[in-house]
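Read the single chain below, which is given as structure tokens and is the form predicted alone.
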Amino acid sequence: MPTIRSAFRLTILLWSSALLGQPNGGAQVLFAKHHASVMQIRVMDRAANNKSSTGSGFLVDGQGLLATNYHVIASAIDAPDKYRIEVLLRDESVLVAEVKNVNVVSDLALLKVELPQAAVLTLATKASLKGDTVYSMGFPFDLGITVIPGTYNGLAPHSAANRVHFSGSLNAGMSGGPAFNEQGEVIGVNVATAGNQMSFLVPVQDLKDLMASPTPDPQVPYSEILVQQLQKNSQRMISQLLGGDWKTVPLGGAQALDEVTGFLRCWGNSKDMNDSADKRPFYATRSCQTDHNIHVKQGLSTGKIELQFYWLESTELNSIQFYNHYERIFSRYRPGNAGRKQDLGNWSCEEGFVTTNNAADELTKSVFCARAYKKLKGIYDVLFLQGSVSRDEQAHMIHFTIAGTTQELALAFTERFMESGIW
């Protein structure tokens, strides 16, 4: 029979082992071991000689190569004469960084600094499992380095890009920092937060792919590299859409597309027929879109695909009132991505009347618009609208936006969209 002293000693040992397995214990060990390899990235306004934005980065090789997010240093890519990139070391000294490679679609960048010897972080070779504890490290709000524990929830399903769902609170400034498994290996790069303990990481495999890709010719402007990456991404997404399942589902008195591919998720809404306070005609809507945009620079995002379907009918409005209501809805459609005049050209639109090939030979008004990116030659946003015009009390509208595509891909998708059987 164990003595009281031996039982007490056993209890202490079990209690200590349990503490070592807790997130706080793991966070303390990881922080002590790896925080020197995680650094603050600063984008400095040359004229003001002060930081314009901050993020995080971490060492991935012994030659001073750091990984971070593309969006952290995007302004310096767009305007290198206005901004420079600096890395803040533990002793508060500063090193100027050079961009070595980027992937705007994956939101990753590689920087090079002349860094004294420092420990390099190990990239994980084995995928984490759902439910594993993950630790994110970075510099939130310019308040110094911190570590945030959370849970690994695997790749986000139905996403247009590879993203790890991380249930921890990433804050501004932590972008570009590493996320570790309990073995201290990097499993992802901090990239975004959706609030309420839901954040995302770029999976480490995307970082490995960027590190393995050829270093761009320094004589080639990064604008050309971004164009190539955006074209390749749009080709991938449009090809998946064209090869998807173009089934239709009922929407009021018309049809709408179902979820054509896994990355295009749909939501719907309609007027409550029992809501006497809502004086609008009956409507039913369906909207399908990708889950996030690609950050090109401040004020400019791209990569979004959005499909919308709208059924409208009324027995209470006369034909003129109905048409005016319908026209207001038709004219409010806008592209789903953000952009400013300094980055995007004016819309160029063509419109006309088209008779559909359905049984009723529906007469429709079609509008096709495109705008070019000023610095990214060959990249366009496209907006398409089509609405019925031959009914007095009913209307059906369809719309799509494709952001960051080419003329050829846009035309191929438009043709398939108009032939989809929606009418």
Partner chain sequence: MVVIEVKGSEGTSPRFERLNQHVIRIGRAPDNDVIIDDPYIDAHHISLDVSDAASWHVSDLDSVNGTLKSHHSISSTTICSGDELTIGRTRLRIFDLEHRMQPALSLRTLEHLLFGFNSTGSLVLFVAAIALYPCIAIYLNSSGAEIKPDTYLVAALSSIGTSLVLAAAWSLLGRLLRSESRFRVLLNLTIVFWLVSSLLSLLVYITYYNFPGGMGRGFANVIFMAVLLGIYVYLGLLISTRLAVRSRQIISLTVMVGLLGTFAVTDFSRRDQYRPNPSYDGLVRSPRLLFRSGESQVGYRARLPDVFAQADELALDTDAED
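Positions refer to the first chain, counted from 1. Since this is a predicted model, take the numbers as computed values, not measurements.
Another form, the form predicted in complex with its partner chain, is not on view; read the next lines as being about it.
Visitor: Pick from 76-84, 249-257, 220-228, 347-355: which stretch has non-hydrogen atoms within 4.5 Å of its partner chain in the predicted complex?
Guide: Every other range fails; the passing one is 347-355.
Visitor: With a 4.5 Å heavy atom cut-off, would you call D142 a contact of its partner chain in the predicted complex?
Guide: No, D142 is distant from the partner.
Visitor: Can you tell me if H35 lies within 4.5 angstroms of its partner chain in the predicted complex, counting non-hydrogen atoms only?
Guide: Contact check for H35: no, nothing within 4.5 Å of its partner chain in the predicted complex.
Visitor: In the predicted complex, does Q321 have a heavy atom within 4.5 Å of its partner chain?
Guide: Result yes; Q321 sits at the interface with its partner chain in the predicted complex.
Visitor: Contact between P281 and its partner chain in the predicted complex at 4.5 Å, heavy atoms?
Guide: Within the cut-off, so yes.
Visitor: Identify which of R332, K130, R90, K126 has a heavy atom within 4.5 Å of its partner chain in the predicted complex; exactly one of them does.
Guide: Contact with its partner chain in the predicted complex is made by R332 alone.
Visitor: Using a 4.5 Å heavy atom cut-off, which residue among P203, G150, G303, G339 comes into contact with its partner chain in the predicted complex?
Guide: Comparing distances to its partner chain in the predicted complex, the residue within 4.5 Å is G339.
Visitor: Verify the flagged residues C369, F384 and L411 against its partner chain in the predicted complex: is each one within 4.5 Å by a non-hydrogen atom?
Guide: Spot residues vs its partner chain: full contact, yes.
Visitor: Could you list which residues of 387-423 come within 4.5 Å of its partner chain in the predicted complex, counting heavy atoms only?
Guide: Counting only heavy atoms within 4.5 Å of its partner chain in the predicted complex, the contacting residues of 387-423 are V389, S390, R391, D392, Q407, A410, L411, T414, E415, M418, E419.
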